[in-house]
Every structure is written in structure tokens, then in C-alpha cells.
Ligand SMILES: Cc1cc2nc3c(=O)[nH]c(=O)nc-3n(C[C@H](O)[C@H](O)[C@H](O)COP(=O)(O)OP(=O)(O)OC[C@H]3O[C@@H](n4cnc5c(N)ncnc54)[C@H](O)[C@@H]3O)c2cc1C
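Shown below, as C-alpha cells, is a lone chain in the form predicted on its own; questions about how it binds or moves come after it.
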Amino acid sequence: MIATPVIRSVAIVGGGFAGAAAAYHLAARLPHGTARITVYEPRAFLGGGLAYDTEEPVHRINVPAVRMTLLPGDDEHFLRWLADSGTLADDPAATTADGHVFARRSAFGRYVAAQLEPLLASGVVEHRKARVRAVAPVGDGRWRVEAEGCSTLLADVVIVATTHPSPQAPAALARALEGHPRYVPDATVPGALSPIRSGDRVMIVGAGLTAADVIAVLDAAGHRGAIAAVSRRGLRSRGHHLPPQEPFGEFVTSPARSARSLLRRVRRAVAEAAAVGVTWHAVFDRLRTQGSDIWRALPVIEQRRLVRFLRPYWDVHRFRIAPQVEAVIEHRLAAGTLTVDAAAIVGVERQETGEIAVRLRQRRDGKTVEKRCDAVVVTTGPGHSGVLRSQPFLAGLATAGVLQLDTVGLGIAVDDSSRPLAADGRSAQALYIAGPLARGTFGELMGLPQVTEHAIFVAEQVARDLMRADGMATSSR
């Protein structure tokens, strides 16, 4: 008598890029018909998520399309899709004068969705358009997944691939401006900037990639008022050096054991690169590709120092802005309608007229100045310390002792297999974290190539678990 094969169940919580990539690559590593992959994502399609589910035409991918792909080893996969689907023809502004393509972010979301479509059509992957309320162990090695408006699912494996938590506004802003019609605590919410009028004086808290997007969106909408971007260090995201150059430097041979020594090595590499006509961009490209090894060679106390003191400098050099967005910012700076200030917010008062008075302590001299504005937009980046409160199911798992924050405050503590670590140091079984929430252990998990590689890594771990349970060998389609 031939035994009926067991069809395993895998639940993926979060269907943005990390979750979609995990589903795609897991399906490719399992024999057909051996597992059903259910992705919980309230958005209309898989692969968009916070980054790529946007209808703003000025929201552009911040790297050339030739470096964006779901399939490592096929760097031009997305670029070919842009051409074959007609998307590139519909967006002539995507191509720079020297032939580099910086597509709209929405295009990449549609590209990922197109790769998942055959798996959805065949039933290998199911998309449940719902938010997960709770994930809990049921005692037999499986997990119970409860979602809004859906039947309960008993999963053999759960992959958590949710996005970053929302920004955490400075306390003074949140207290003083709650309910103000032109206070925007989270600029990533669709339509969040619509209350801002064309002549409003706008203060943007933060000066990184999200701030650049805000400036571009306001400019495209006809805003011509003054914009002041304020951050503690006054750093803004840099642009690209598009002529080809190879990554420069070496950081994993005898790796640095302290944040200070790493900083010295980076500065030395930048100087050496400049001496041979290579820009700093190439040094940071090498740092990006070696980021995980660099990070894991540092003791925890040095990782914390790096996050506290050096991460802002890393972010503005690592995460560059598209030339189209850079052109808007440079134009506004030259016109005097944009300033970038290094200062800390020390007080906020809401005036009866609707004006907002913000007191700033300037970094360069410590003096306090007051600036008046009509709107405030928060772009400070994810509030990592609030990740376990950002989703009800994460809060439930934390309360049950299944997972905890990592030791450097970037996300969830995981082991070398990307399984959550409990307070007692034990790893959760059949539960994985995919994507940026695992960066406290794996380091560089913000750029798309690194997120893709990590999604593949998690898919391979899960495939091995399932095949081992069934006494089978993993395969790849």
C-alpha cells in the first residue's frame, strides 16, 4: 500500500519584497505538490510592501535597474521585464542622459508580482489579503496562525517577513502637534502630504531617503514654499557616481574588531581610492558586499557603538538617491527654497494661528533658535525599539517568551539560521525571520540584493527542515 504524501503548510507573514522573495525561492526548492505556501499580506498584490506599493510617480528606485533582480545571477532580469512589459516606454524620465535606468518603485513591485503570478495560479502559493492577529505554538511542533476574516491555519513552518515599524517622532513633536492638520508623523502613508499647501513653510524632521522622497513629491505637486530639513548631524543622502568602477578596498581579511578601527580603515580606503582616481562610492560598494562579515566580526559592544555613532554616516553614503530626485533637491538648494540644518528639536509650540514654532539647538555652536513653519513632516526612519509593539502577533510572541529584541536595537534577535532567540537563548523551532528585522544578527539587510540573499537563505533552511521531516532531499526547479 502506497502512503499518501503529506502536504506541508508554510505560512509567511508579510508579502512585501522579503516575504514574496521567500515564497518564490521556497517554491523553487520544494518538489511540486509537497507543500502549500500561504502568504498573509493585506495589500492587493504580493511583492509591493511599504517600499514598492506606491502610486507616486516621483518615487524612484534609488539604484540602477540593472542591479535590481529577484534572481541573483541574472542581473538584467528586471531590466528585461521593464522593456518586455512596455513599462519603460511609458516612463521616458526613467532613463538618464547616459543611459542608466532608475525605474519607478511601483514598477519593481509589479515585476515581483508578475514572477509570483504563476505560483498563485497553480495553487502552490496562496495570497490571503489579511492582517495576522496571532501566531502561537500548538504543542505538536506546528503553529496556529489567526488572521482577520480568515480561517485559522495550522502551519508546519512560519516565516515572519514583516516590514519595519513606523517612525518614532521626537516626543516634543508628538505631544504638541497631535491633531494638527499639517502634522505628518509618518510620511510613508499614502496621501499623507496632501494637506500641505503650495506656499506652506515645511519643516522635515530627518534628511535621509524618505526626506528626499518628500521633497520630490511636494515639488512635483507644485509646492514652492520654503522647506527646512532638520537632523542632528545635518547629513543628507548622497547621489550616485554612474561611470563604472569596481568596488574598492578589503575589509574582511583581518576584520576590524572595533567601530573606531573600522572607521579608520574606511577613511584610509577612501583616501587610497581617491589617489588612483576612484570615488568613495566604490569603497562603500565594497563595504556593502562585505557588510555581513564585517558586522559579525565586531563584538556586541562595538556593534552598538557603530549603530549609535556611525550609522547616520553609513546611511547617507550607502543609500543614495536617484538622479531624478537629486536634481530636484539640487535645484531647491540653489533656489534657496531648501535648507538642511544640523540641529536638535528642544521645544515645539502650536500657535493659535495654526503656525508651529520649533526651537532648535544648533549643532555647530549650541545656540537655540526658533523657526516658524506651517507643516511638520517626520522622516526619521523606523522606530526599531518599537518593533515588538508594531504588530499584535509580534507582541503576543514576545509576551509568550518566543522572541525578543536583538542586543543592538535593530530588530529581532535570531540565531545563525535566522530563527528567533528566546530570553533563555533557545531557538524557536520551525519559526524564521526573513528580511531586515534580522539585521541585528546578519548585518547589512537593507539593500535589495542582501534582502534577496537572506530570503533565499531562509528558504533553504525551511526546505531542508521540511524535506528532513519527510525523509526527502531538497530540489530546485
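Each residue number is its position in the shown sequence, starting from 1. Just so you know, these numbers come straight off a predicted model, no measurement behind them.
There is another form of this protein, the form predicted in complex with the named molecule, and it is not shown here; the text below is about that form.
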Does the named molecule come within 4.5 Å of any heavy atom of residue 38 in the model of the complex? no
Should residue 281 be classed as touching the named molecule in the model of the complex when contacts are defined as heavy atoms within 4.5 Å? no
Do residue 57 and the named molecule come within 4.5 Å of each other in the model of the complex, heavy atoms counted? no
Would you please decide whether residue 441 lies within 4.5 angstroms of the named molecule in the model of the complex, comparing each non-hydrogen atom pair? no
Mind telling me which stretch in 424-432, 24-32, 411-419, 57-65 gets its heavy atoms within 4.5 Å of the named molecule in the model of the complex? 57-65
Could you tell me which one of 223, 105, 236, 384 places a heavy atom within 4.5 Å of the named molecule in the model of the complex? 105
Considering non-hydrogen atoms and a 4.5 Å limit, which listed residue (380, 303, 290, 163) is close to the named molecule in the model of the complex? 163
Going through 121-143 from first to last, which residues have a non-hydrogen atom within 4.5 Å of the named molecule in the model of the complex? 130, 131, 132
